[in-house]
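As a starting point, one isolated chain is supplied in structure tokens, in the form predicted alone.
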Amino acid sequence: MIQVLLAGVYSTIQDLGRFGHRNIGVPVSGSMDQYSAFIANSLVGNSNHAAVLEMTFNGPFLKFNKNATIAIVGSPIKIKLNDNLLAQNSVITINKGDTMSLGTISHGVRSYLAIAGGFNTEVAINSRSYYPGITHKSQLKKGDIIHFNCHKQTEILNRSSVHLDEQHFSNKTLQVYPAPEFHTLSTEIKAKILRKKLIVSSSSNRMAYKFESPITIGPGDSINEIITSSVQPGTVQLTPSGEIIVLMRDCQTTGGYARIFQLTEQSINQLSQKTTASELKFSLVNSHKTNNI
């Protein structure tokens, strides 16, 4: 087991999420950056379904009470094992009694710790992903005990480290598909949105990323609310006042704002690593005609 000596800003257990229950209002949840979580699990020989520890802005201070093999992947984070600095994106061997300090993320937002065998935490509605009101815990707290499964060393892949695609963290373009209400917008509004420099707001979180400076709505334009309809992670909403909102992993299952885009899965992962004041833009996938408005 692992003892949480300090919890960090916002540390949670996440897996791929909850599926098949959105009809009763259950959010999908899951790792915000599933690319980084997948690489972490791959390094220690886990399936993609294994839960990981998601660390936001900084990480916890942990004590391991049995041997383990871990990997930490994602935004750059300072890792100290018994006061010795270690590199991330690599396999790390842990001995019983070791302590690990996971410090501040230097740029980006989230990093992921996978443990060989997977975390053995609470399962609620077929997922270990923390979510308030569904799981007993919404985030790690000081004094928590995290259980994990035993593993065989032979299950670890025969490699010690990986090199992540730098574009995953540096890319400033969000690839999107048109969503149901996109074609109801005027040509002028479409052009404004596609040419807009999007600046990430400080109010962004696991539920949604918001952007500063709304789209200017002209006298002849109107952005109407819709009958409450289905939404999902990656849905881009446009409010009547011109505010752009991108729904993320913990988002609600229905919404009444116009759905103008749907992010690709890759773009959801990339957006989850963007900090306040990051500048981005939308780009329509396979739609040259619309891009040239």
Partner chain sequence: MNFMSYSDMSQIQILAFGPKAIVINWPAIISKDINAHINKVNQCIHQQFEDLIIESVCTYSSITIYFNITIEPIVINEINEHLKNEKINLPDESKHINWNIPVCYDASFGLDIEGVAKVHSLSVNEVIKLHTEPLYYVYFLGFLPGFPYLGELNEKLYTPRLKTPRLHTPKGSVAIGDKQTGIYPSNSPGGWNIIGRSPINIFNQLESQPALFSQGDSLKFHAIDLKSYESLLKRIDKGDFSKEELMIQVKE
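Positions refer to the first chain, counted from 1. Because the structure is a prediction, the values reported are computed rather than measured.
From this point on, the text means the form predicted in complex with its partner chain, which you will not see here.
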query: Contact test in the predicted complex: Gly218 vs its partner chain, heavy atoms, 4.5 Å; finding: no
query: Non-hydrogen atom contact Val231 with its partner chain in the predicted complex at 4.5 angstroms; finding: yes
query: Touches its partner chain in the predicted complex: Asn58 (any heavy atom, 4.5 Å); finding: no
query: Any non-hydrogen atom of Asn23 within 4.5 angstroms of its partner chain in the predicted complex; finding: yes
query: In the predicted complex, segment of 142-150, 210-218, 176-184, 163-171 with a heavy atom within 4.5 Å of its partner chain; finding: 176-184
query: Ile125, Thr235 and Gln252 all contacting its partner chain in the predicted complex, non-hydrogen atom within 4.5 Å; finding: yes
query: Option touching its partner chain, based on a heavy atom within 4.5 Å in the predicted complex, out of Ile134, Ile199, Ala191, Leu81; finding: Ile134
query: Contacting member of Ser267, Gln262, Thr69, Gln34, with respect to its partner chain in the predicted complex [4.5 Å, heavy atom]; finding: Gln262
